[in-house]
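Alright, here's a single protein chain in two forms, structure 1 and structure 2, each given by itself as structure tokens.
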Structure 1
Amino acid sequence: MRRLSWRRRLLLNALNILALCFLVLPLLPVVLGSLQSEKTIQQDVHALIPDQFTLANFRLILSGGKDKGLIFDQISYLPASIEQFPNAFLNSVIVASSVTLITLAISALSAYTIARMNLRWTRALLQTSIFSRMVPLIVLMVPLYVLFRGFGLLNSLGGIVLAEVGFLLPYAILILTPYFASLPVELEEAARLDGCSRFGALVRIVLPLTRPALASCGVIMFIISWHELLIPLILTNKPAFMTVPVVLAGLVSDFFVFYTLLMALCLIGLLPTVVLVLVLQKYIVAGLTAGAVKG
């Protein structure tokens, strides 16, 4: 393999740094804004570095609106959604985790079937399902609401999980199918000669080899589900079933926009997905690159 010259390496490093700055620098104003009070940020909107810093926004959010402190004396009211944040965070954890696990379980079986059985109708069904996902989600909200109301699935975490699994399943199958197809069939044939059934070969041989792909797909499904706003906003109208994006949307009212609380809540809501990506970084990189190398 030919080594890159120092000029090319320098250029690639510079491009990487520019890409990282493009992605990370927009978070800097969010971090600075979350550490200010509403009064401070509105007094001088052009100030890059504020004179005072405070953690009152984070204390208020994490306490569910109880720890207001003197910093919020200038605000006549606080949105009711702030009081629901601890419960909304738990709801988001339950929904995103359930959606990820259920989607991975079903998509792994479906992707394996499509990759190994080589049936014409399965590939046609996959292509039709992917094409249907090209329809904007907002277009499907009214029929989805009517359908879930008929089955009594409104205002429930189970309804949110079911809807999100249905929308994410085609994407997960599309991600996993090439990886399953890239694995050598001889491994499964050897396992079946030793007495394994096809399902046993899948569980004992194939799935352990696809851990990088499953990890990368799971992270993608978790991130999409965690940040999903439209489905929980349409299917629920009770505070007990709010998720973090719904609480975030509630901070924009007809009378006031809570800028500092928005920024603090964005950072708190972003934290679980960042931690997940950092923990599973090795598997994510391996899963996203293996399909390109083996395919």
Structure 2
Amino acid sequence: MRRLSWRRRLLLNALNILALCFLVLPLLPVVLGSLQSEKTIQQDVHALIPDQFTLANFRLILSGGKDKGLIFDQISYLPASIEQFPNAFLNSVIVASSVTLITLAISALSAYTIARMNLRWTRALLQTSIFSRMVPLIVLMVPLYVLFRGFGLLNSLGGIVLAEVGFLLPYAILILTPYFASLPVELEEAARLDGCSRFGALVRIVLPLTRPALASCGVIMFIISWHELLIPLILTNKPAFMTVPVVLAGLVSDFFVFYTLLMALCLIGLLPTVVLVLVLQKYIVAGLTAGAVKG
């Protein structure tokens, strides 16, 4: 490859800096906002960097509203959702992990049959999956609310998990199917000649080989579930069953929660998935491209 001329190199470096600004600059206000007190941010409304940093917002959140410190000492009222936040975080972890595991288990079985068994109706299942991704979630939420109300599934983590699994399954099938199809058939055939059943070959030979695809799919499912607002918002109204996005949505235009505290909550809410993306980027990229290109 030829070396780049210095002019081109300069231009490309400048463009990269521009792209980097686009990608990360909007996150700076979250960090800066969360690290200052309400008083600091109100004192100087023109300053970019506060003259005083504090961890009081995080202390308040992580202690469930108990550790008020000097800053929040004066405040007599705090919304109950601040106290609920650690619990909401736990709910989010439970929901996202269960959704990931259940979706993976169910979709792997379907993806395998679609990729290998070549029946007419399994191919139709793949087309249904592509189509299902385009159904607006809000269309499902109205009837799901009425249905789940009837089943007594409102205000339960199980109800949220069930709804999310159903909604995410088609996408998981889209991500996994191309990978199953790309594995050599010979491996399974050899196993079957050795007396393995089809299902046995899937569990013992195919699934261990698909580990990277399962990791890709799993981490994407976890992230989407962690982000999901509409499903838990509509299916819950008791704080004990709310997830992080629902609690955050409840604080919109709540005049008792100042932006500094809100940004601290946001930072805690975005950290798990941002860290996952930075650590497992390779898998996520593979999964997202696999799930989209065939669509």
Partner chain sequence: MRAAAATGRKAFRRELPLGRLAVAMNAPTLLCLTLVLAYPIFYAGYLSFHKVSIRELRSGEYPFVGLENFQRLFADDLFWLSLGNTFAFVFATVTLEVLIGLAVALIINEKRVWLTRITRLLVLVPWAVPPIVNGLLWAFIFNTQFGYLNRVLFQLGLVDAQVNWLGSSNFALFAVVIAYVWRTTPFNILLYDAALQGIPRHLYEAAEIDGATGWQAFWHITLPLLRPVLAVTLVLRTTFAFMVFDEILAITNGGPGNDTWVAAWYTYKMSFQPPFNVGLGAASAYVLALVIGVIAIFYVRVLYRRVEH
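Here the rigid core means the biggest group of C-alpha atoms that line up within 1.5 Å when the two forms are laid on top of each other. Everything numeric here is computed off the predicted structure, so don't read it as measured data. Here, residue number means position along structure 1's sequence, counting from 1.
Participant: Given these two structures of one chain, say which is the form predicted in complex with its partner chain.
Facilitator: Looking at both copies of the chain, structure 2 is the one that matches the description.
Participant: Using a rigid core fit, what is the CA shift at residue 10 between the two structures, in angstrom?
Facilitator: It moves 8.8 Å at the C-alpha.
Participant: If the rigid core is lined up, how many Å does the C-alpha atom of residue 276 shift between the two structures?
Facilitator: In the core superposition between the two structures, the C-alpha of residue 276 moves 3.5 Å.
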